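Shown below, as structure tokens, is a lone chain in the form predicted alone; questions about how it binds or moves come after it.
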Amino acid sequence: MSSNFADRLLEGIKAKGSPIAVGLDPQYSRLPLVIRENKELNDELDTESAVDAIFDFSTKIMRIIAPHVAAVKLNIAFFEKYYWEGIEAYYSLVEEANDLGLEIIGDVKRADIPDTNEVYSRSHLANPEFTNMEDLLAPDAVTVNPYFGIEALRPFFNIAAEQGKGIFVVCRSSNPEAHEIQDFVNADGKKLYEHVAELISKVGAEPAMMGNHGYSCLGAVVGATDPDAAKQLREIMPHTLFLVPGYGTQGGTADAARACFKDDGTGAIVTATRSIIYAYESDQYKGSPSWEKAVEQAVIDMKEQIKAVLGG
């Protein structure tokens, strides 16, 4: 197994034939009725019942998508809602995903001053050092915010280089509110997200961060909802892997996501969450024989759509 996260992710993408990841943002109220109506899982206000239902749903989702995708993105907020029981489920799902051969991206978006980031990086990214947690796994990569400064994130970078992990720094996110800050222009006419991209590219080019396939383990979050910005950022960050949210429910399309890739079809992994894990709610898939088949078909369709714009 490659020791550099970027190498492993690229190899996983090649093996699965699709540069896509599925996100897990499980909400009890949207789970299939067959799960919510189970007598042991039908109490949304009981943390044990709700977490068990979410865990059951999430493990089934991962088994469905594993043959088709290289990675899964776990949004920790949807587990933190349930306090310690939710956190336990989150780390249990990390182990489940690892057993399925998926690269695991913890969508935690942590950031602070360096001393605090030292603790954040140990708690969210590093493999545990505690003697009674030898079997516990941390995600292969996490998302972080750059607002405290790129160098403030150095503890995360050190863990990534030492343990074969990855980092995705939020650069140009897919949400419509992002422009309020990310599009801020300085006196030289440079937008804030361009400046962040330059910093990511500089740190990511350090020898300890670079993999054998020409990409760094320091990646960037670049949304699929602004192809012009994505094309510009692709030029600024030639050795950076893009984690591309916004596909599907947020309005991002395969054509828009194409701008995040290089001409050879490498350099990005497109993520979809609600449009995949809740596919059974969509009119497009309501004729499926089961909710599982709806999810599977949605993944296959996304895989084919991305493959089509990348030229196969």
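Numbering starts at 1 and runs along the sequence shown. What you are looking at is a predicted structure, and each value in this text was computed from that prediction instead of being measured.
The following text describes the form predicted together with a further copy of the same chain, which does not appear among the structures shown.
Q: I need the one stretch from 226 to 234, 209 to 217, 186 to 194, 158 to 166 whose residues put non-hydrogen atoms within 4.5 angstroms of a further copy of the same chain in the predicted bound form.
A: Answer to the contact question: 186 to 194.
Q: Using heavy atoms only and a 4.5 Å cut-off, decide whether all three of Ser201, Asp255 and Asp283 touch a further copy of the same chain in the predicted bound form.
A: No, none of the three is in contact.
Q: Looking at the partner-bound form in the predicted bound form, is Asp140 within 4.5 Å of a further copy of the same chain by any heavy atom?
A: Contact with a further copy of the same chain, no.
Q: Decide whether Thr47 counts as a contact residue for a further copy of the same chain in the predicted bound form under a heavy atom distance cut-off of 4.5 Å.
A: Yes, Thr47 sits close enough to a further copy of the same chain in the predicted bound form that at least one of its heavy atoms falls within 4.5 Å.
Q: So in the predicted bound form, does any heavy atom of Ile76 sit within 4.5 Å of a further copy of the same chain?
A: Because a heavy atom of Ile76 falls inside 4.5 Å of a further copy of the same chain in the predicted bound form, the answer is yes.
Q: Given that the partner is absent here, does Thr240 sit within 4.5 Å of a further copy of the same chain in the predicted bound form, heavy atoms only?
A: Output for Thr240 is no: heavy atoms all beyond 4.5 Å of a further copy of the same chain.
Q: Could you list which residues of 104 to 143 come within 4.5 Å of a further copy of the same chain in the predicted bound form, counting heavy atoms only?
A: Result: Asp107, Val108, Lys109, Arg110, Ala111, Asp112, Ile113, Pro114, Asp115, Thr116, Val119, Tyr120, Arg122, Ser123, His124, Pro128, Glu129, Phe130, Thr131, Asn132, Met133, Leu136.
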